[in-house]
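Take a look at this single chain, the form predicted alone, given in structure tokens.
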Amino acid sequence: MQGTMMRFPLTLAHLLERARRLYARSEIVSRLPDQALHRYTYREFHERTLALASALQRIGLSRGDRVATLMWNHHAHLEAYFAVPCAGGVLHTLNLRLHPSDIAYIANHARDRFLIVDDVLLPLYEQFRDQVSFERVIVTPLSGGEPAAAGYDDYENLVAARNAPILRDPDENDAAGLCYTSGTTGRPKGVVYSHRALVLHSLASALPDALAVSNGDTVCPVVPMFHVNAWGLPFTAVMLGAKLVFPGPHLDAESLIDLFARERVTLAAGVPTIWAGVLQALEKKRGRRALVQGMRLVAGGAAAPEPMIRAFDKFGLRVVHGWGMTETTPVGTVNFIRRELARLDPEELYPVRAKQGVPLPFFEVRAVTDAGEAPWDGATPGELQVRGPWVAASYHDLAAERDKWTPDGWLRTGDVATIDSHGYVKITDRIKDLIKSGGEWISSLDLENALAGHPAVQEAAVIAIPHVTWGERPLAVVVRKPGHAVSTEELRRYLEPKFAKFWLPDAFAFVDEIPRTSTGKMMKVKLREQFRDWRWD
């Protein structure tokens, strides 16, 4: 049929131009390595981004070439977020918290041509430079020191040229970004994001019944820009002209609270371990910091325990649960209170708010059991499977992982979840972390969240230990809060009213810390290795 809609490509180039035309006076603030604050406007951001795009083309960037970044969260990284894809390249954010040999593996697997690296991260680059073959290395002089050493390009010198780039009008299905998984189950796997996926993800996640980002917000992506595009927040904020505040390398609780208060942040995003530290700092110095009342703290990457949600409410700060994966760009579900639930007492809403939320528009979910799709009854668990326009269809150059997708095109997430009649997804565990005792399944995540509610517990992980009679039994590994004491008997009594008797851990081990991945997730594989010689009495 003739006479339908225009062909209008969904690309990051449109978001960049929109920022110039509509939001030239919006502000971008970055905390530098020396704690100083760098400020400039969207107008300056736009000019420098075009200059960087031109410089990359001048040194040889061609369509589809990968440009790696080894950078903290700051204005120059944001410039690369738009300059690289708008110049026709693919932005590949390297995870600076990985082991140097893993970073080298990822850069080589991606076949990165160029690298942009913060000067303060050059010592890290030096640890693997002999294992990679970047054609050009561009150094961002954040610390205000000397120009880049011989053999390196100076970022500011490249940008200073201010030549007009050749904007190649990318197709919306062209690759724009590349990010690798954190590698909790084998080698990291690359996920390629198209312009279309990033734009649609930005539109959907900004909706009122999602992250509800608006032009009036001040947005602080605490989650690293090297991890799944800082959950897409930099793209969404630029699309809407929101004020952006970047924490740089200063992610300790005191620095974050100070930044939130100074810049009047209204929306921040980070993993629960970040928010646990912020909460402890607020509790120690109650009333000293004037944070914006109603500020939203987006929590993802792991479950935010219900006690944490309750505690932040007392400070007038609202935890917003979300869920996603590297493979989903990443936001797939966000928690908001649906109309039919709003009449409930606030106490009744806490278990709802502790769920991972409702799927975004165009993002479909199902829980699948051996018998087929599980009913949406909030009780029947199954593997969470998803599909949508910002869900990866394969891994980059890794055909061996094809079984991660079902024959009918759904991504197998590896998460176990229930879905209730209102559409709220609740992650109950990772498939590999479920505990099977006497033929019955036990959710380690439910036990961990409950233990986190004890006033003496800082965090807890529950793992399966082989048992001669029951096959597996749960062992709770607990980190006490500083200055607090708690016994095994006390923790068991605390859990008894909440769970069936066979769910209760048979033992508790107290440790100083729980190993985590570079993105804040518990590394249960290391805990299982640590306690592999455990013997039941």
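Since the model is a prediction, treat every value here as computed from it, not as a measurement. Residue numbers run from 1 along the displayed sequence.
Below, we turn to the form predicted in complex with a small molecule, even though it does not appear here.
Heavy atom distance at most 4.5 Å to the small molecule in the predicted complex, all of Trp72, Cys220 and Pro247 | Not a single listed residue reaches the small molecule in the predicted complex, so no.
Of the listed stretches (407-415, 117-125, 137-145, 84-92), which one has a non-hydrogen atom within 4.5 Å of the small molecule in the predicted complex?
-> Only one stretch qualifies here: 407-415.
Taking heavy atoms only, is Glu327 within 4.5 angstroms of the small molecule in the predicted complex?
-> Although the small molecule is absent here, Glu327 would touch it in the predicted complex, with heavy atoms inside 4.5 Å.
In the predicted complex, Ala302 touching the small molecule (heavy atom, 4.5 Å) | Output for Ala302 is yes: heavy atoms within 4.5 Å of the small molecule.
Might Arg296 be said to contact the small molecule in the predicted complex, defining contact as any heavy atom within 4.5 Å?
-> The answer is no: Arg296 has no heavy atom within 4.5 Å of the small molecule.
Give a yes/no on whether Thr181 approaches the small molecule to within 4.5 Å in the predicted complex, heavy atoms considered.
-> The answer is yes: Thr181 has a heavy atom within 4.5 Å of the small molecule.
Please pick, from Gly382, Pro359, Gly177, Gly322, the one residue with any non-hydrogen atom lying within 4.5 angstroms of the small molecule in the predicted complex.
-> Going through each option in turn, the one that passes is Gly322.
Candidate from Val331, Leu233, Val228, Ile419 lying within 4.5 Å of the small molecule in the predicted complex - any heavy atom = Residue within 4.5 Å of the partner: Val228.
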